[in-house]
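This document starts with one chain, in the form predicted on its own, laid out as structure tokens.
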Amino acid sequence: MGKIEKLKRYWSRRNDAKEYFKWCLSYTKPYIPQLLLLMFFDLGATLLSVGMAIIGKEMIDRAAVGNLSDLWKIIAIYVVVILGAQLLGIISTLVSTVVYEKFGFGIRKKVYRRILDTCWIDVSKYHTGDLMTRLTSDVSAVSDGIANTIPTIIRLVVELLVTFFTLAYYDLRLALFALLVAPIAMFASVILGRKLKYLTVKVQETESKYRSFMQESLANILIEKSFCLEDYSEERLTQLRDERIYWVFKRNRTNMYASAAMGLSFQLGYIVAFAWGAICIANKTITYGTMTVFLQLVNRIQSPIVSLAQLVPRLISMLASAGRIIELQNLPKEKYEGKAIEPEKIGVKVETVSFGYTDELVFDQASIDFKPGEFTAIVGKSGIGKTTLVRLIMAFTNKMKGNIEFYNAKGETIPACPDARNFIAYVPQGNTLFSGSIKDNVLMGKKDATDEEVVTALKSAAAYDFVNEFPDGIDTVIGEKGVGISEGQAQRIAIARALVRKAPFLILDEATSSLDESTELSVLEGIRRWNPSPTCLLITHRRSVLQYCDREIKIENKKMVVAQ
């Protein structure tokens, strides 16, 4: 797609800016008192700055006529006004910082929660690095826009009006001439605004790619070292950096063009004010004090105009970032049924389910009944749909056709939905531990579990012996993804995290793949001794575990069939 076509596309979506701006304003409601206080301080500082110009005029005029008795009083007032302006500036900065942090966290918290409440399959379309960019850089841009840019715009508008009328009091023609820079600034803003939005989006997209690569690289550093990819990774990171620099340079170059045009008009206005004042002094129509007012107020009437135009990029950045955040907030939320059943002797019926991540179906009219208390082994070659079946049962996606329903011995039923996860314990594939203590990781299965329950779960997972050998026992701190312990040990802690939940429905997705056969069988024996016995789905490649299973289910030809 060419540059012209891209610009047309973004221009055609210019009305989105209204939606984005309304969205930003909707988030300001809890912070309106702080924002009003912030604007009060800013406006006070603006009035004091104009007052300083007027007081300066009086100082020079009194000095020119030799009126020293009043001069010292005016100097004292001038000093007080300067100190007052400084104090208001400090308070304004502190209030702005607090509002910025609170507002940023408020947005970040809501977006983060929305991601958590969204179906897994919808969130998985976004790279983790992209999500992090939206939660950090984009949220920061919106926060800065609300806490700093918008209040600054309001302050500059008031400063412009106050300064204009003050200057008009002394010389209306000069005040009107000073405003001539406004059309130039507005024209530059309108012309460059649509391009700046496009460039801002490109900058954020390249930052997402940059962060995504670094996140994946650091998360898979063992793979990179194993395949001697250090040079390639550095080169790839450099390429992404160069791409980012390219778009940052284009955006900043556009800003510089606008700033240069407005800066020249600003200097022209200042030169005219200086020349006009000199002519008036020569004609003895103004005093030297009035001359200083001309120079200061012309500066203060043009400076807000230039500053307003220069704030356009920040405002556009805010709106562009708001659009990227709104995209996450518009993700469909998981549907809670608001139902519950007695969490004992749970079974699940899968009826005529069809599902595919793409147009190619993984399941086509597949059905099976996992009965309460039954241990079922699900086997099949890699990529056949075993983990997909787990995701459907766990309601990680709502894009399927057909019906999945949990039931208990009393005949109560509940469809596969987020509510059903309350009575499910799940051990996914791979290393899924968090940084923190072993106890913290186990408690994720049941936040209010006692130390005794944690120990019992570790024993059931054949993990207590090696944990007890650590100097700090269950309080031993491990790194991200279990750094500091072996893969087999990490897997057993993950199993303990599920077992501490004491859920009536247990899913083990290749959960014992890193264990030796004797340890694996010990874990399964422990689970089978539960009373009441849980319903267990065991996804495995090992035939040795079948001796602990009541049935073996095979996935063949997009169907689920009971092995004979």
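Everything numeric here is computed off the predicted structure, so don't read it as measured data. One-based numbering along the sequence shown.
Absent from the display: the form predicted together with a small molecule. The rest refers to it.
> Between the options Lys250, Arg391, Arg421, Arg114, which residue brings a heavy atom to within 4.5 Å of the small molecule in the predicted bound form?
Exactly one residue meets the criterion: Arg391.
> Can you pick the one in Gly385, Gly445, Pro313, Gly145 that has a heavy atom within 4.5 Å of the small molecule in the predicted bound form?
None of the other options qualify; the answer is Gly385.
> Where does the small molecule sit in the predicted bound form: which of 376 to 384, 331 to 339, 240 to 248, 136 to 144, heavy atoms within 4.5 Å?
Looking at the partner contacts, the answer comes out as 376 to 384.
> At 4.5 Å between heavy atoms, is Ala320 in contact with the small molecule in the predicted bound form?
Because no heavy atom of Ala320 falls inside 4.5 Å of the small molecule in the predicted bound form, the answer is no.
> Test of understanding: in the predicted bound form, would Tyr357 fall inside 4.5 Å of the small molecule by heavy atoms?
Because a heavy atom of Tyr357 falls inside 4.5 Å of the small molecule in the predicted bound form, the answer is yes.
> Taking 4.5 angstroms as the cut-off for heavy atoms, does Val454 touch the small molecule in the predicted bound form?
Val454 lies outside the contact set for the small molecule.
> Report whether the minimum heavy atom distance between Trp120 and the small molecule in the predicted bound form is within 4.5 Å.
Trp120 belongs to the contact set for the small molecule.
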